[in-house]
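Here's a solo chain for you in structure tokens, the form predicted on its own.
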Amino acid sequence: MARITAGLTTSHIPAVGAAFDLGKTETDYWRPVFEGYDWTKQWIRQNLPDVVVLVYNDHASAFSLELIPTFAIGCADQFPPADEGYGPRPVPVVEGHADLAWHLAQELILDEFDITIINKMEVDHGLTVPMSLVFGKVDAWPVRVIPIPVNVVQYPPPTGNRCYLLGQAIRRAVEAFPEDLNVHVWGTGGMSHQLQGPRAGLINREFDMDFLDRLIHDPESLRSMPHLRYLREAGSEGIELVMWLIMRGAMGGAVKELRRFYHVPASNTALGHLVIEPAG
């Protein structure tokens, strides 16, 4: 059967993608950010999955205020990079895994998750920046990807508990797939940041560190964290962290922390990154 062997989280800051594309990774400002992923790049070469289930949020590229699914799944064979106003990023087309994606859609819906099926979709920096950080500059991505867009843009976003439960359902669905596949689940977005208003540029290192610790050792305590606390403590865009709970729910019980990286500043955002695997 298919199995989930690792989980990964990372921020998906658009300025990081721009720095990558414009050859600025070795500048004094950006070098510490990209060096923080050197360990992960080496690790992924030795632990390359067949498929990545990648949880992210769309930034008005595939969806608009006219149509906002709370949870969706990309079931297409390919997902081209989106034009976010300055042309598509010069990165490879994302290759999907339609067989597993349709299986996940079926199992999740029958498991009582109302998840929107997407048969044609462009993917923006929320998905492509994590791919660039982990795999670097490549002619073709070395893994298949199943996109899982989550609404954390338009109120109301899903609760942390619902996200955690979705992660658990994804794990059950993956393990019910009969093909022998090595699957990773990535949760993206965050950490603390606010892009507008009087608190623009907000960074809360204490909250971020506590969130990372609890995500590893006590994820149950994060399931009931209200939206208002994310807003107060992590800024208006800090709500993206609920997507990390989908990854954590998919990992099951105890996990082993393989890599932790945290850096400020990356644009006006706190950047966080974890790699974990099931313990034992």
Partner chain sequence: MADLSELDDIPGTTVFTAQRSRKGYWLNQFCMSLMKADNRDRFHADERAYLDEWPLSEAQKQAVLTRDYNAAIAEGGNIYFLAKLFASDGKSFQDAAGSMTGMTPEAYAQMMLDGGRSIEGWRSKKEGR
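All figures in this text were calculated on a predicted structure; none of them were measured in a lab. Numbering follows the first chain given and starts at 1.
Although it is not shown, the form predicted in complex with its partner chain is what the next lines describe.
**Student:** Can you tell me whether L258 touches its partner chain? I mean in the predicted complex, with a 4.5 angstroms heavy atom cut-off.
**Tutor:** Contact with its partner chain, no.
**Student:** Please run the contact check for I117 against its partner chain in the predicted complex: heavy atoms, 4.5 angstroms, yes or no?
**Tutor:** So I117 does not count as contacting its partner chain.
**Student:** Is C75 close enough to touch its partner chain in the predicted complex, meaning at least one heavy atom pair within 4.5 Å?
**Tutor:** Because no heavy atom of C75 falls inside 4.5 Å of its partner chain in the predicted complex, the answer is no.
**Student:** My question is simply whether T269 lines the interface with its partner chain in the predicted complex - judged by any non-hydrogen atom within 4.5 Å.
**Tutor:** Yes.
**Student:** Quick check on this chain: which one of L181, V93, L195, L165 has a heavy atom within 4.5 Å of its partner chain in the predicted complex?
**Tutor:** Here the answer is residue option L195.
**Student:** Within 4.5 Å, heavy atoms only, which of V138, L110, A200, A176 is in contact with its partner chain in the predicted complex?
**Tutor:** Only one option qualifies, and that one is A200.
**Student:** Can you say which of 35-43, 217-225, 249-257, 60-68 gets within 4.5 Å of its partner chain in the predicted complex, counting heavy atoms only?
**Tutor:** Selected stretch: 60-68.
**Student:** Scan 226-260 and note down the residues that get a heavy atom within 4.5 Å of its partner chain in the predicted complex; none is a fine answer too.
**Tutor:** Read in sequence order, the residues that approach its partner chain (within 4.5 Å, in the predicted complex) are L228, L231, R232, E233, S236, E237, E240.
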